[in-house]
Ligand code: BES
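Consider the single chain below, provided in structure tokens and representing the form predicted alone.
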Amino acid sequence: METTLVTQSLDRVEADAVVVLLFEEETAPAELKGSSAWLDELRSSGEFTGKTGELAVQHQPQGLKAKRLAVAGGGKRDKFDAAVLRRAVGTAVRALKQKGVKKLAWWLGDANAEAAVEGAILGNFEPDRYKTSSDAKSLEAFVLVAPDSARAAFERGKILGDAQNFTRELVNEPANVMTPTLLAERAKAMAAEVGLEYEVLDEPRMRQLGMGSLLGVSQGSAEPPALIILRYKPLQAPKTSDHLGLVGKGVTFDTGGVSIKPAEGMEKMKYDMAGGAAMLGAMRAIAQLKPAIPVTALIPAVENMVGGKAQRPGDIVTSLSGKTIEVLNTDAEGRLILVDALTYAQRLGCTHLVDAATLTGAIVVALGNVNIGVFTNNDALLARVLAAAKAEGEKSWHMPLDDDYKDLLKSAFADLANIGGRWGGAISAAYFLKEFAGDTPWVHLDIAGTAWLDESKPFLAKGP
């Protein structure tokens, strides 16, 4: 889809449809005076009230060159943010492209250009790569009608939207295609495209280093593991010693191992690498946005399979940090691969760590599919992460990580057990990671409930 910004007046825009955002209990802008009678009728009949998710279409609108005028609901002005705008644009894109619209224009008004173009790119995405035929249609062009001062935000939105769809494509790949090796190859190709440094540690190198926790998970699979490392370095020497480390769980398929999962829903376990894919997408964007500090991403990629060589409950492994772990449940594998990556990130000089992982079903019980569970050992870094999440409309909830929870991880035979029992499962999992972050400022994002849509939304396709 071609995305462009134009500075024309609304009445000069040529498109199959032009969309204007209208809020509850607010009058239409002067630019729509030719459609005022139609808008008044919509309001009086209750067909359109301005609530979020609403969309009404007028054909051959008076005073406009566009073939259709669509009005999209923005909800209440005081609750309007980037997330609402993204959803409104995505809803319009998904609805209108199915009606044959190929070129859609969005009149920005005083809204956020970055969120608007993101919404269009995300809304146009379809998970139909492997279908030989599909009813889904696609936009050919999205035009943002906005002042030239919005161009920088528009370009940033394009970068972020494309990076998210890159991530979604990775997560949508079936596990027979998206093996750890192929994930490493896709990361290498992306790194070459955007100018990132690339490295991968193979099994012999990880064994030489002593990554027993990670390798214990991978030993049941015929597919070899890979620790993918991407590095971004700013062109100018940074003014601080800050070095951000991004760590993402990359389990390309998770059977649960010997502690096998139920058959129902197991097909979705191809998305157990969504945290790793998200960090690859983040690095794709970072390479283009060029922040002032170095950023290194580490994605431990494995399959967690059942086999004659698979890890057993009761096995004890030695992590890269030297700490020993009693594996009480082989389905608590994400934390086992993450801890070796967190330790290695610190060895590479990372001064701040953020990890993302589809880590626990317990976080879904606690927060549903709405909020990301956020855990930390450092309130200052947490505040920055939550402020960024709020600015982007990414719903996140700070979860506790008191020292009292450490008792849940006691083992009679090793330094730590890899599970802490039924109660507070997301917290004990996060505390397990905390033991390996040490004093390095660290934030953990448990995205198990927010990384996948079981059903499509009006603004987003089913899937990641």
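One rule holds for the numbers: they count along the sequence shown, beginning at 1. Worth saying up front: this structure is predicted, and the values here are computed from it rather than measured.
The form predicted in complex with the ligand is left out here; the points below concern that form.
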Interface check vs the ligand in the predicted complex: of 448, 445, 21, 18, the one with a heavy atom inside 4.5 Å is 448
Looking at 86, 284, 94, 335, which is the one with a non-hydrogen atom within 4.5 Å of the ligand in the predicted complex? 335
Thinking of the ligand in the predicted complex, which stretch from 110 to 118, 155 to 163, 377 to 385, 268 to 276 has heavy atoms inside 4.5 Å of it? 268 to 276
With the partner left out of view, is residue 223 within 4.5 angstroms of the ligand in the predicted complex by any non-hydrogen atom? no
Interface membership of residue 392, the ligand in the predicted complex, 4.5 Å heavy atom rule: no
Given that the partner is absent here, does residue 362 sit within 4.5 Å of the ligand in the predicted complex, heavy atoms only? yes
Does at least one non-hydrogen atom of residue 419 fall within 4.5 angstroms of the ligand in the predicted complex? yes
